[in-house]
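In structure tokens, one chain follows: the form predicted on its own.
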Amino acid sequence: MTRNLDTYYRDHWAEVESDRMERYQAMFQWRDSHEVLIAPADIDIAQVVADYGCGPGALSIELARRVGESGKVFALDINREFLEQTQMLAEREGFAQRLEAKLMADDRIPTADRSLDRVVCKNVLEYVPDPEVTIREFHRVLKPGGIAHVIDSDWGAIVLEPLGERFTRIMSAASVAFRTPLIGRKLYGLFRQAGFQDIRVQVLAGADTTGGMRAVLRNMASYARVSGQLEEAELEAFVADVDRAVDEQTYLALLPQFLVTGHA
């Protein structure tokens, strides 16, 4: 398959191959441990909320649960299959009337000015064409006093033991899959530029010692494969050695999550 590496950071979300889709469905499940990630958004009954970059829909469903019958969730994504999955989940949970899946055709959020109470965006802004434009869109669609809450990684701060040096090579080759891999540290300034007030920043960094991030690391290897910068043998050896480190209990991974919350 011929890929445009200049736009791969976005293209690989618009079209997701089946094996990666299976990994995402497993990775993006709602877990009780995620509560700390979205708590600053202060989601409540009767709010109108956008889940920007909803993926397979687990977070959208949790948001729909919280806004209740009088609230509304707009699940937004550039991938039609993600939106179909999200709508199916909503129907299965009995939330079809309070959730609407919308396709994102460009950077503009398909809703009116000052129409939303909350915008939640989890691990998406590292992939968008221009994070500054996107965060300004968050400000545009929020009612006065509404909250934008962004959770995102900073790949310059990852720790991976005992494979850190080798992962540096993998991540360098995998960078074709990211527009802004250091987005975490940039969010505060971007919120300021967009006009948000009362901006709060948290950095959470739980250590993974049991292999919970293995699917993420496999994705990094697959992105590096797309770039063509590394030999297949090196990529296969890296994935195998991650598994071995987990089995031998020498593995430790840590990827800080930046939580940035601002009021419109």
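Residue numbers run from 1 along the displayed sequence. Because the structure is a prediction, the values reported are computed rather than measured.
The same protein also exists as the form predicted together with a small molecule; that form is not shown, yet it is the one meant from here on.
Residue N123 is the only one of T111, N123, Q87, T180 with a heavy atom lying within 4.5 Å of the small molecule in the model of the complex. Exactly one listed residue, out of Y127, F95, Y188, F167, brings a non-hydrogen atom to within 4.5 Å of the small molecule in the model of the complex: Y127.
Across the proposed site, G53, N79 and F82 without exception bring a heavy atom within 4.5 Å of the small molecule in the model of the complex. Considering the small molecule in the model of the complex, the lone stretch of 168-176, 140-148, 127-135, 111-119 in range is 127-135 [heavy atom distance within 4.5 Å].
Contact check for L163: every heavy atom lies farther than 4.5 Å from the small molecule in the model of the complex.
Under a 4.5 angstroms non-hydrogen atom cutoff, the small molecule in the model of the complex lacks F238 among its neighbouring residues. Within this chain, A194 is remote from the site of the small molecule in the model of the complex, having no heavy atom within 4.5 Å. Using a 4.5 angstroms limit between non-hydrogen atoms, I158 is distant from the small molecule in the model of the complex.
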